[in-house]
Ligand SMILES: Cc1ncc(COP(=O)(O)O)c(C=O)c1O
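What follows is one chain in structure tokens, specifically the form predicted on its own.
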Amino acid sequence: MRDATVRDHLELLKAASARSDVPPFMVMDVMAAAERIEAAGGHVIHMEVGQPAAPAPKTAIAAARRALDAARIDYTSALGVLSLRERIARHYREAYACDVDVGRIVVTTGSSGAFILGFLAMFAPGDRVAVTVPGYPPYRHILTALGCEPVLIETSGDTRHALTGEALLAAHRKAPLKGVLVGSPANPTGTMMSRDTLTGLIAAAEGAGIRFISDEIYHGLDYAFPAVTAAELSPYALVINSFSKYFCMTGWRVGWMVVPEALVRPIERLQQNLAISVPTLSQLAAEAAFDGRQEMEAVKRGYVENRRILIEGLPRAGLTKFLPADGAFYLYADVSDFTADSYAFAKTMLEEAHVAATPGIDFDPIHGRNFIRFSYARSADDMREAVARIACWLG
């Protein structure tokens, strides 16, 4: 009997907590499968992961080298290096003609760290937080791990896949919401919200006592019209951004938030305890990245060309239905003419055509089986080769 009890206790010791039971971020699984094909000698066109092919700006790399030569890389303030926060505030003046108090700017470990800090500061376990589908999977996965309830609100082509105030309030009437999170430009759709749409959504949310979070990680990568920051529209919105996408600094893991004044100290306390501070080397490089905008604009022009290649080439290859690619570097294509299982479609396309893309079920558990996300963050030659391979594969 005693041995059985010990075995039971050991099984309990091996078990993971319920809050860790979140779905995988499927794009990482696709990337791993692509790497296995490459290890066996295959040549894969990578369109699965939202990662720029270009390196960080030369100014950022030079600043990191100077910092390493200085020998000491110490802790920083939990809110971030002051000169970086001042440079981010200047960025809002230059890019949006928007004054943001440097005291409201918090440097984070990428946008992922910002989501964790923001959610912890804004919500309690059990709180219901609205997110759109299709949408970035870790929104709902992080909320779930923190004990909150993600509330999925479907979007449609009628609103260019933007959440409207009416749809938000309809969900709020069914059961009260504590918050809402939107991204523009959006992942995976590449669609954007107009100034009027974003203004109306923020007004509807705040009028109902719903906290508003704006994911602006793809700002700077806008093609249809200039992106609008929620920091300009409300002092109560929590704005999240990062150096990962426009500045091509994914692995440096540095982002920022513009925080409502009342949440600065709570978020500072959380950062002190959860991370102490963001990696110093990355912060110093990030500050210098702002001086590399000319280089980054050249990278952006490459995305514009890649976007053109896909918009013109995919219909000739057989994929004729996709959402407007207003910004970011994604094209979200409807593959329902070929399959009712986007996971199987993506798996077979990778194995047979050696083109890696992400199945829509990663982004939309409701209708995602009909969609595939293509990232066009790599070279124009890769995009042309991908179109040719897909055309040959679909026959």
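Keep in mind that this is a model prediction, so the values were computed, not measured. Heads up: residue numbers just count along the shown sequence, starting at 1.
The next section is about a form of this same protein that is not shown, the form predicted in complex with this ligand.
From the list 278 to 286, 238 to 246, 306 to 314, 199 to 207, the contact stretch for this ligand in the predicted bound form under a 4.5 Å heavy atom rule is 238 to 246. The partner is absent here; in the predicted bound form, the one residue of 88, 217, 167, 230 having a heavy atom within 4.5 Å of this ligand is 217. Just one of 110, 179, 260, 292 comes within 4.5 Å of this ligand in the predicted bound form, counting any heavy atom, and that one is 110.
For residue 132, no non-hydrogen atom is located within 4.5 Å of this ligand in the predicted bound form, even though that partner is not displayed. Proximity of residue 187 to this ligand in the predicted bound form falls within the 4.5 Å heavy atom cutoff. The shortest heavy atom separation between residue 300 and this ligand in the predicted bound form exceeds 4.5 Å. Although the partner is absent from this view, residue 139 contacts this ligand in the predicted bound form, with a non-hydrogen atom inside 4.5 angstroms.
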